[in-house]
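The form predicted on its own is given below as one chain in structure tokens.
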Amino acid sequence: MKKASILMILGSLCLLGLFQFPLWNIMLGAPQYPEPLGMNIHITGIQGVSEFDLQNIDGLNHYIGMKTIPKADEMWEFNIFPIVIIAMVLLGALLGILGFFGKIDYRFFLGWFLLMSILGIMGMYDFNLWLTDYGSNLDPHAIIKVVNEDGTPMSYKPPLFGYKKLLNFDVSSMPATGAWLMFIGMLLTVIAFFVGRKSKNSVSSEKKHKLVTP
């Protein structure tokens, strides 16, 4: 159980990487931009991949009626996400410590993973809602208006995950370093669950063997 508990602690601590590295990355490439424009989405705000990327993206968005990229204080998520991550790190570390000293069993490790998974799904759902609003809620007085074949305004929503062609831009949306650290951390907690279960089964088998041995 001690090995499992150490894995649980290490897994939860991996989430701290989200404070150093971006969670998600969106890149826009086009012939007129030799160097693609990009934005890194952190749990504390949105930053440009290069110094003037956000300024250039906002300049392009202005012509087609999209909103400017929000500042950190303009989205409640950037205030809540850091608190949630810290809480999950502390909870995971506490469970690992309690497990190390035999106060709880391995099933609590799986509970942490399930809770983190639910929070992650909720976060992705919220992120997708923002992308939809960002790409679809356009200024009707925009300089450039592009419509679909049926006459409805074209949506410039970036993909939640993967690649998409928007006008002459190739847009990609992918997990960044922070997300991969989070995935690794969550995987470690699942491994901790199975290591803990194996350890308990081994102890139970030894006890049974001692009881039947004369």
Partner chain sequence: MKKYTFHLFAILGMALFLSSCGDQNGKASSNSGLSSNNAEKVYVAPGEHDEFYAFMSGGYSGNLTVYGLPSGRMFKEIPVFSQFPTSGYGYSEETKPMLNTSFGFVPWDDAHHPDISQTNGELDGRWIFINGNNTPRIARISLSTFETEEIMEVPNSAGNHSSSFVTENTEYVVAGTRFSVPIPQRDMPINEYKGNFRGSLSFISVDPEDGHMDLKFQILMPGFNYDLSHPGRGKSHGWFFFTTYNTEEANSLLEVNASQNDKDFIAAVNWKKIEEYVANGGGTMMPAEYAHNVYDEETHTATSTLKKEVLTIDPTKVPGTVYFLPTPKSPHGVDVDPSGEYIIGNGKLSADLTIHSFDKMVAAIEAKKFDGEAYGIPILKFEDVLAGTVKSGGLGPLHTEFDGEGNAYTTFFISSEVVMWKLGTWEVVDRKPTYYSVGHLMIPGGNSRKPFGKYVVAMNKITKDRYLPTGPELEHSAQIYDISGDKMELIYDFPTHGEPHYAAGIPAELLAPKSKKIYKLSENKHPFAATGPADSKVVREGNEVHIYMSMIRSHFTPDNIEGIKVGDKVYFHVTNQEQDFDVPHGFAMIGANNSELLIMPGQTKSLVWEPKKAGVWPFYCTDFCSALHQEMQGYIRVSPAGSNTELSWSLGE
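Predicted, not measured: the structure shown is a model, and the values here were computed from it. Residue numbers count along the first chain shown, from 1.
There is another form of this protein, the form predicted in complex with the partner chain, and it is not shown here; the text below is about that form.
To verify the annotation, which of these, L60, A176, M186, M39, has a non-hydrogen atom within 4.5 Å of the partner chain in the model of the complex?
That would be L60.
Which residue, L129, I143, M122, L114, has a heavy atom that falls within 4.5 Å of the partner chain in the model of the complex?
Going through each option in turn, the one that passes is I143.
Indicate whether the partner chain has at least one heavy atom within 4.5 Å of a heavy atom of W180 in the model of the complex.
W180: no contact with the partner chain in the model of the complex.
Spell out, yes or no, whether the shortest heavy atom distance between Q55 and the partner chain in the model of the complex is within 4.5 Å.
Yes - in the model of the complex, heavy atoms of Q55 and the partner chain come within 4.5 Å of each other.
Answer yes if any heavy atom of E51 is within 4.5 Å of a heavy atom of the partner chain in the model of the complex; otherwise answer no.
Within the cut-off, so yes.
So in the model of the complex, does any heavy atom of E149 sit within 4.5 Å of the partner chain?
E149 lies outside the contact set for the partner chain.
Partner-proximal stretch of 155-163, 23-31, 39-47, 62-70 relative to the partner chain in the model of the complex, 4.5 angstroms, heavy atom:
So the stretch in question is 62-70.
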